[in-house]
Every structure is written in C-alpha cells, then in structure tokens.
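Only one chain comes next, encoded as structure tokens, the form predicted on its own.
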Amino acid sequence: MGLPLSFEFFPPKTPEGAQKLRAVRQQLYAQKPEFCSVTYGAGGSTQQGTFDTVGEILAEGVEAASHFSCIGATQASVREQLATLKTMGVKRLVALRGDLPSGFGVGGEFHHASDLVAFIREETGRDFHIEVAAYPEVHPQARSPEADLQAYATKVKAGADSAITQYFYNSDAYFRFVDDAHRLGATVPVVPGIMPISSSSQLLRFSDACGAEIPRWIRLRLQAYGDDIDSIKAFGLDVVTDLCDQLRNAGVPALHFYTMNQSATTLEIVKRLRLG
C-alpha cells in the first residue's frame, strides 16, 4: 500500500490523439501519481509537442517531468530550453542522451547523458529534480555490462537525483543492477519502469529495438495465444501484476508505468496491487 506511482506518455501527433490522451490522463490522475513524464522524439523531433503536453499536465494540477535529450544540442540551445521549462513551472527532468535521428552523425556539444546532467546542475543548481535512465539488462549500445554500469554511475555522480529503468520482466535483473550500482557508489533511488502487456506483436517489436529481454516462457506463451487478444491481455495482467508485487514486497521506491497513452491495463494492475 501507498507505493508512489508515476506515468509516462508520449506527445500525441494529432488533435484526436491529444483529446484521447486528455481523457486517459484524467482516468490515471485518480491514482494520485507523484508525477507524469512526457517523452521526446529522436533528436528532439517532438520538442514542441513534449512541451505542450507537459504544459497541459501542469495546468491540470499534476507535476510533470519533461524528457530532455542532448544529442545534437548546443549549450546555448539547452540553456534556452531550461529557461523555457523553468518559466513553465517544470521541476523535474528526465535527462537522456537521446536517440539519433536516422542518417545523423553525433553532433552537438554533449556526447553523453552525464554531460547533460552536469551542465543542468551547473546552470540551474537544485532547480530541477533530475532523473536518469538505468538499464538492468544492459543498454543495447553498451560495449559491455561493466561499461554500461560505469556510464550509469557517472550520470549519478554528475548530479542525478534518481533513476528510472528500462522495462524488464525479470526482477532478478533489477535487484542485481541496484546491488552493482551501490557497489560503485551510485546509491540514488532506482525506480522500476513497468510496461503493461496488451499486444504481443507490439511488445516483441519494442523489446527487440530497445534491448529489453522477454523471458522465453513469456515469449512462448504470447506466441501460443496467436491473435487471441483476450488471452494475451489476461496473461499479461497476471505476469505484470506479479512482477509489481515482487518489486513492492522487496521495497522498491516507486513504480513508473509506460502507459503507451492508454489507461485500462495500467489501472487494472494498480487496482489488483491495492487488493494484493
């Protein structure tokens, strides 16, 4: 009981999408989230949409965290965006290196998320609570698990307040990551990122792209259900609720849900956890 929750959205691309997301947010606000975060497209391609959605969430009386990526950015452009966010009343940032737009070399003055974290701290002091990304199953572009862990520790030492993980379905990977990070002196809270399962094809595609591991038994069960959406959803609810229950019982600091701009599955998981 009483575990803090947060929800992530992506900026809608159409007026209809924006309208639908407003309704979804209202349903999720009933769970009293600590904050809601809004993602940022490759190379900052959705920046205006991100800031617009963040502004709406703040106007609805909920704390909003803007994703903030630094690929292709200059110190001047980052300074300007920080000033905009501050004026809007944003108090939280999710600082990321960000994805490269296709056909784009590594440009700009920031090469790592740790550079961005250090710059934000230097420029704005404690004005923002800075979240960084953590990868319990290793970042897909990391040279090695050790290098990935060191990169994470560098971000924390640069001034991060807490971390949100890539989603995972194996709680042991999360616990091992937290232990390893603590050994390197990176002791900020690490909040598990939770991805509800409502479509097997979407989940498998996402996971292949971002390096999240789908345990073999889950993958096989999903494949066995074929196009039986109801069975996939029922199985997904059981798996993810059980995962959240394990994490809660182990004393995680909070849970962060990747909502995919939907509310039903996340609400059902939260409802089951409250009963659990």
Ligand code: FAD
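Treat the numbers as computed from the prediction; the structure is a model and nothing was measured. The first residue of the sequence shown is number 1, and the count goes up from there.
Heads up, the form predicted in complex with flavin-adenine dinucleotide isn't pictured, but that's what we're talking about next.
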| query | Tell me which of 77-85, 140-148, 169-177, 182-190 has residues with heavy atoms within 4.5 angstroms of flavin-adenine dinucleotide in the predicted complex? | reply | 140-148
| remark: Exactly one of 90, 164, 156, 203 comes within 4.5 Å of flavin-adenine dinucleotide in the predicted complex through a heavy atom, and that residue is 164
| query | Ok, 207, 246, 39, 31: which has a heavy atom sitting within 4.5 Å of flavin-adenine dinucleotide in the predicted complex? | reply | 39
| Closest heavy atom of residue 113 to flavin-adenine dinucleotide in the predicted complex, within 4.5 Å or not? | yes
| field | Contact label in the predicted complex: residue 196 to flavin-adenine dinucleotide, heavy atom within 4.5 Å | value | no
| So in the predicted complex, does residue 119 come within 4.5 Å of flavin-adenine dinucleotide, heavy atom to heavy atom? | no
| Distance check, residue 135 to flavin-adenine dinucleotide in the predicted complex, heavy atom within 4.5 Å | yes
